[in-house]
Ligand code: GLU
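First, one chain by itself: the form predicted alone, in structure tokens.
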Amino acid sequence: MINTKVITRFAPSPTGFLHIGGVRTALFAYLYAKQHDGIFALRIEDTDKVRSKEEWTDGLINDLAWLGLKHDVFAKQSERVDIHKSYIKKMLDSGHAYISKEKVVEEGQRDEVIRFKNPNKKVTINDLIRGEVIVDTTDLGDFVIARSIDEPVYHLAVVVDDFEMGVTHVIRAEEHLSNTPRQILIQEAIGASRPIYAHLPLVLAEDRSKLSKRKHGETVSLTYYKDKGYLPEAILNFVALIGWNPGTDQEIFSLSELIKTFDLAKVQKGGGIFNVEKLDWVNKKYIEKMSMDEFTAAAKSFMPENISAKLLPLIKEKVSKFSEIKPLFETELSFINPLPAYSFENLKWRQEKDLVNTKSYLQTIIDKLSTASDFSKESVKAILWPLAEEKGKGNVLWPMRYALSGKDKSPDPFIISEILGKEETLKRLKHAIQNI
């Protein structure tokens, strides 16, 4: 029976963190499956017993769940060894493979390995992204497919598992293209149907080098961006646009919109740039769309304890990722702390020549605010705006803002007044007058 249902898979090795390029591979495989009402499989390729760790497996599963890429089928290669073993035996029996008595250092100082008998032929790969690729497999020689009857290596295991799981489309990174000729030869040897291939372009750093752990460290991992306080929806939206373009001006896509819009035919052959500024921009767009309750819940672990609810709209407006929240309290939002010592000469607006005038403006502000019953930012602005327009906005509002914050950079004085409250606002204004 021919399988007509689209089945894709994401098949990471649990030997480290999830690479941001892996996120894109998983996303594209997921999108393609879902837009064809198909199946998305997660297969952990843990045949490397030395490097594979259970904690990395758990991390991969948790990362994909956090992103919202829910798998329909789950498998671990290490639990499928009996299936791999049966195919190795068949290949030995049919003459497609043979036991080679030799010292094999790279396979762990073994006296024998199992090699595939290469027919030395040309294979043609019809790739959905790269088109027709023809490879002469003669140079590959008789390559190793198992360390022993019980220990398949990657090429054998991946072919058997794709076949047994009914995978119809192999969507994976460009670096796997060189593996494909070997895998096609094995497919032909075991009588497996050939999946359709789509090899995705590399994810590149801004200097157009390959985004790699060796060169770029932890910044290539999903964990790094999770810890920085990026939203999963924003990360998916951003990585979708690395090497793919919808052909329209739209740049913000929900996952459901990506399922409808994504087209493998529009994935470019050349590498796509990972631009952090663009990621920040996308993440900011998602923060802007959040309700205040959603924002508060999502940013909770990045917030100081016992934070005033009045600060939340200001924080939401200013940050592009949650890791920017803490530094705000050391800079623009430091006014909520006790007022620092400052130079009272700085109270003077740059076009104001005499501090006497500044003192007069501050006293008028105090007089006007002393009778205010409503201290919302809108009310404070309504009370002071006519004075600012009459005497000059800078002349009036700069000394007020500086007196309230003690900083060159801070929110506008109306916002600060509302957050500090009437008593503290008047106290700080009086402190400024007393020291001029």
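Worth saying up front: this structure is predicted, and the values here are computed from it rather than measured. The first residue of the sequence shown is number 1, and the count goes up from there.
One more form of this protein, predicted in complex with the ligand, exists but is not displayed; see below.
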Inset, instruction - Name the single residue among R110, H169, K228, H176 that comes within 4.5 Å of the ligand in the model of the complex, judging by heavy atoms. - result: H176
Legend entry - Single option in Y154, F302, F329, F253 placed near the ligand in the model of the complex, where near means a heavy atom within 4.5 Å: Y154
Inset, instruction - Give a yes/no on whether P12 approaches the ligand to within 4.5 Å in the model of the complex, heavy atoms considered. - result: yes
Inset, instruction - Indicate whether the ligand has at least one heavy atom within 4.5 Å of a heavy atom of D63 in the model of the complex. - result: no
Inset, instruction - Find out whether any non-hydrogen atom of V158 is located within 4.5 angstroms of the ligand in the model of the complex, and reply yes or no. - result: yes
